[in-house]
Every structure is written in structure tokens, then in C-alpha cells.
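To begin, one chain is listed below as C-alpha cells, in the form predicted on its own.
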């Protein structure tokens, strides 16, 4: 592959930043931090409600202090989040801190009897989402150890048991069978939850990795195709450029022979020369169109060539250039211009090419003795040229394809035999270079309007 194609491919090579997994982890951590704000607010509100509204006796001060510690820790997490280097370590730290907070809340609301124990399941699932399978199981084990330590400390009366008499009139924390049963259900439910959550998460991550790999393959294939397309365009440009000079010379020589510079020629020979000259002219037109097309594909806008062009003057110049062709079909061209001049920044030759192609098409496919209307409209963001003709129109299916290279609608081929099908492709490529747009509205057999918009 030539060097320029290689360099082009390198230019489009995707440079990865954060992986999809890291981005997902960052988003999940943000949601986790938000959830902790809600959780802390919910704990504070609930404990105040049950204490004062339901008259349930709880160590209010201890619970509120624990809640305050959660809020302070979450404020630290929010502030530090932007400076994190290892998101998985950061997730580990938060989950571990939450286990400790939950154990304290469980202790202050009844210990092993507390319904707060149920909330541990949520963090098992969160661990499966945020962490690897191994670390999720380690976190689950850590949580079970905390519950076991709390249970043992209360069971052996090393720390006082907080009894919520309104909910649990008869304490069960010091009953061996109850303690074993609760710990058994905690161990089984925690590990089963961890297994199910990690299994689902691993399958999702596997699918995501497959999608990422497929995306990378598609991107690489796209880059190769784009480089090959550019190489093809550059090759076409070189070949057509080399063909234009000898074809022009052939046409010139044929013209000279036809005009008698090489002496008198028989009428049969003259007819053959005329036909050859016409075919050569068509071939030159095709070469010129190909050159314009590939120039629009491989070229870049060079600031030194861009000028401020008065759009009204440019349209008038294009109309004058094609006036004779319009008169031959008795077509009148009307131009509704803006009162004050409006300028756009464009290479003059590119604008001439756009206008000439569109107006020439309007003349070519207009009915005899009809009219063409050209309008220029200015908005805050665009300058739009509207070119309307009363001609053969374009069918709905053909509208979807008219900007394709070498495409000509069937009714266009029947109405006008000659044509390369490149004019609108050239215009489309040029408009893309200037970040503009070209659209069309048409009704088969009646009217066609092209809208060409340049950004202001």
C-alpha cells in the first residue's frame, strides 16, 4: 500500500482512553454514592419517625451519630471521586465502610434480631456489580464475619445487647438454636446471592467484551476500506488527469481535420470525424467529471484559496454562462436575489462547480419553453440557494439514490441520453467539504427543487 494510504489509515486509528468496563464502573460508583446519600437520609428520617411517631425505644443518639459518619464518609467519596486512580480499590473501600456502618446500625437496632441484617443482601449484589468475582466473595465473607463477630460479642455478653422491646418483647440473641439458624440463613443467602449476581454480571461482561471486540474489528475494517477508497480515488485522479491532455489533443486534431486544415476530405470521412469528435467530447466530459468528483473526495479546503464570495454575483455569473443553452430550449431563468449582498467563505471554483452542475441539470431536464426559478434565502445560520425547474421530476425511489456516483434515473435516461451521472455526486462531496447540505423535493413529471445550504 502506498505511503499516503498508510498515513491516512493511521490518522483514523482509534486511540482508546478508558475501557468500557472502566466507564461502566465509574458510572456505577457515581450511582452508588448517590444511593448512599438517599440511604443516609432514609435512615435518619426513619429512626426519627419510629422514635417519635411510633414511640419505639431506640438509642437515637448512637444511630444519628452513625448516620452522620455515613454522610461525612460520602462527602469524602464525592470529593475524591475525580482524583481516583484505581476505581476497583475505591469501590472496595466504600463497600467495606458500608459493611461496618450496617453492623453498627444492626447492633443499635437489635443485633442479630435486627431487620437491618436484610440490607446486607443489597451490598452483596453491589459487590458483584462493581468488583471481580473473587473480590465479591471476599467482601461477602467479610460481611458474614462482621455479623458473626457481632453475634458472638452479644451472645457472650462482651458488648451489651440493645433490645427493641416494642418489636422483640422476648430476646432471642442468646439462644443457641436461634443464633445458629440466623447465621445459617445469612451464610446461604449471602453466598447464593453472590453466586447468582456474579454469574449474571460475568455473562454480561463477556458479552460486552465480545461487542467491544466486534466494534474494534468493524472500526479496523472501516479504516482499511476508507484508506483503500482514498487510494482508489487518488489512482483515479492520476489516471484521469493523464488522460485529459491526450484526449483534448485528439479532439483538437479532429476539429482541425474537420475544418479542412489537412485538405479536402470526402463527406463520408467528414461524418466519421464528426462522430469521433462528438464521442471524444463526451469522453472528455466524463474525464472532467471524474476529476471533479475525486477532487471533492480527496481534497481538503485550503485557507489560502478561500475567498468571501457574493452569492448573488456567483449565481448571476453561472446563469450568464448557461444562458445560451437555456435559450436553445426556450427556457427562461428567473433569479430572485436578496436586496443586500450576502457573502460566504468558499473557494470560487468550487462554488462555480456547484452552481453550474445544478443549473445545467435544471436546463437539461426541463420541458421546452418552461421556466427555472432560482432564489437565495438567508437565515441566522445558513445561506440557502433554491433551484426549481418544471421538468420530468424525480421518483421517490430515485430520490434516495440520485447522489450516488454514476446513478441516473430511468426517466432521466429516456429524456436525455447523454450524461455521466456524476454531477450530483460532485455537488454532494463539495457540500460535505464545506459542512453544508443539499436536499431535494420533487414530484414525478412535474417539478424539482434543489436546496443547497452553506453555513454562515
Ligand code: ADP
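As the structure is a prediction and not an experimental result, all values here were calculated from the model. In this text, rigid core is short for the largest set of C-alphas that superpose within 1.5 Å between two forms. Residue numbers count along the first chain shown, from 1.
The form predicted together with ligand ADP is left out here; the points below concern that form.
Quiz item: So, 56, 115 and 163: all three within 4.5 Å of ligand ADP in the predicted bound form by heavy atoms, or not?
Solution: Contact check failed for every one of 56, 115 and 163.
Practice problem: Using a 4.5 Å heavy atom cut-off, indicate which stretch of 39-47, 66-74, 23-31, 399-407 touches ligand ADP in the predicted bound form. | Solution: It is 399-407 that comes within 4.5 Å of the partner.
Quiz item: Should residue 361 be counted as a contact of ligand ADP in the predicted bound form, where contact means heavy atoms within 4.5 Å?
Solution: Yes, residue 361 is a contact residue.
Quiz prompt | Exercise: residue 420 in contact with ligand ADP in the predicted bound form, heavy atom 4.5 Å | solution = It does: once ligand ADP is placed as it appears in the predicted bound form, residue 420 has a heavy atom within 4.5 Å of it.
Quiz item: At the 4.5 Å heavy atom threshold, is residue 454 in contact with ligand ADP in the predicted bound form?
Solution: Residue-level check for residue 454: no, no contact with ligand ADP.
Quiz item: Does residue 392 reach ligand ADP in the predicted bound form if we count a contact as any heavy atom within 4.5 Å?
Solution: Answer yes; at least one heavy atom of residue 392 falls within 4.5 Å of ligand ADP in the predicted bound form.
Quiz item: From first to last in sequence, which residues of 48-62 have any non-hydrogen atom within 4.5 angstroms of ligand ADP in the predicted bound form?
Solution: Contacting residues: none.
Quiz prompt | Flag for residue 54, CA shift 2 Å or larger between this form and the one not shown after aligning core | solution = Shift at residue 54: below 2 Å after core fit.
Practice problem: Answer yes if the CA of residue 363 moves 2 Å or more between this form and the one not shown after aligning the rigid core, and no otherwise. | Solution: For residue 363, whose C-alpha is compared between this form and the one not shown after core superposition, the shift is 2 Å or more.
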